[in-house]
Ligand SMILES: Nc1ncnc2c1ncn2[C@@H]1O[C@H](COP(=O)(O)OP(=O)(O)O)[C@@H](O)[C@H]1O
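Shown here is one chain on its own, the form predicted on its own, set out as structure tokens.
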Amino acid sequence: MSKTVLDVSHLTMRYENQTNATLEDVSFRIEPGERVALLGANGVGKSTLFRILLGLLPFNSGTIKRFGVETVGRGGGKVLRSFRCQVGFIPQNHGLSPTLSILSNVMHGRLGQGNVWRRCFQSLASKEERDEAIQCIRQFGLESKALSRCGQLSGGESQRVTLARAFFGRPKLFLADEPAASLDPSIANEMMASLSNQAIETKATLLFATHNLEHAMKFSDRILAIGNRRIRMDAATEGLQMEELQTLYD
């Protein structure tokens, strides 16, 4: 039986010099193959939660098990590195290298998976990996710009490259922080469909933060919402009404 992808128990996180916790007594589980939408108003801690899950931010109390393993003691760093190699992270700020080509940036999706130098620059990679990266780029309509520098791209194009990079990494888990926020509505719907379909086809797990309630309803199996520092809703998407989700922003 597959292990729970994420098991968060009684997590509390307080920034230094902050009176109130950003997240307090947060608990949830995400199982293999689930598509989960993370909702909540600006500033409730969604991005903070993603950074904690990736091991980029410490937390004050509680536990996190990633694929059934808790990061404790001297082996914690090794466990986190192994976990990150299995994650396709799609951040809000895209996180691309502006002076490198789209192709090189997409190949960074496997930097943690073996020979780092061969994946830093596309010219050092094998033909097989370059061809696979091009295929990922083609999915997002950017093949003609594959050798263009990412610093020359629009915000929407940059987000497409970020998605292509995540796909190239063949992750078991997609963590997407507002993946369609900078895109026009029609393209945003297209991108979310691609992300959702990729998760389904590869049997990967998807956790995405969004303010778009239609995307939450359409592309998730489950709604997880944060409010007042805690989990405010944890429910199957099927059967929920849009009005119930709108109350999360009241």
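All values reported here derive from a predicted model rather than from experimental measurement. The first residue of the shown sequence is 1; numbering continues from there.
Below, we refer to the form predicted in complex with this ligand, which is not included among the displayed structures.
Taking Met191, Ile30, Leu53, Val44 one by one, only a single residue has any non-hydrogen atom within 4.5 Å of this ligand in the predicted complex, and it is Val44. Note on the partner interface in the predicted complex: the residue among Gln92, Ser148, Gln135, Ser97 having a heavy atom within 4.5 angstroms of this ligand is Gln92. Taken together, Tyr15, Gln18 and Thr48 are fully in contact with this ligand in the predicted complex: each brings a heavy atom within 4.5 Å. Just one listed stretch, out of 36-44, 197-205, 60-68, 179-187, contacts this ligand in the predicted complex at the 4.5 Å heavy atom level, and that stretch is 36-44.
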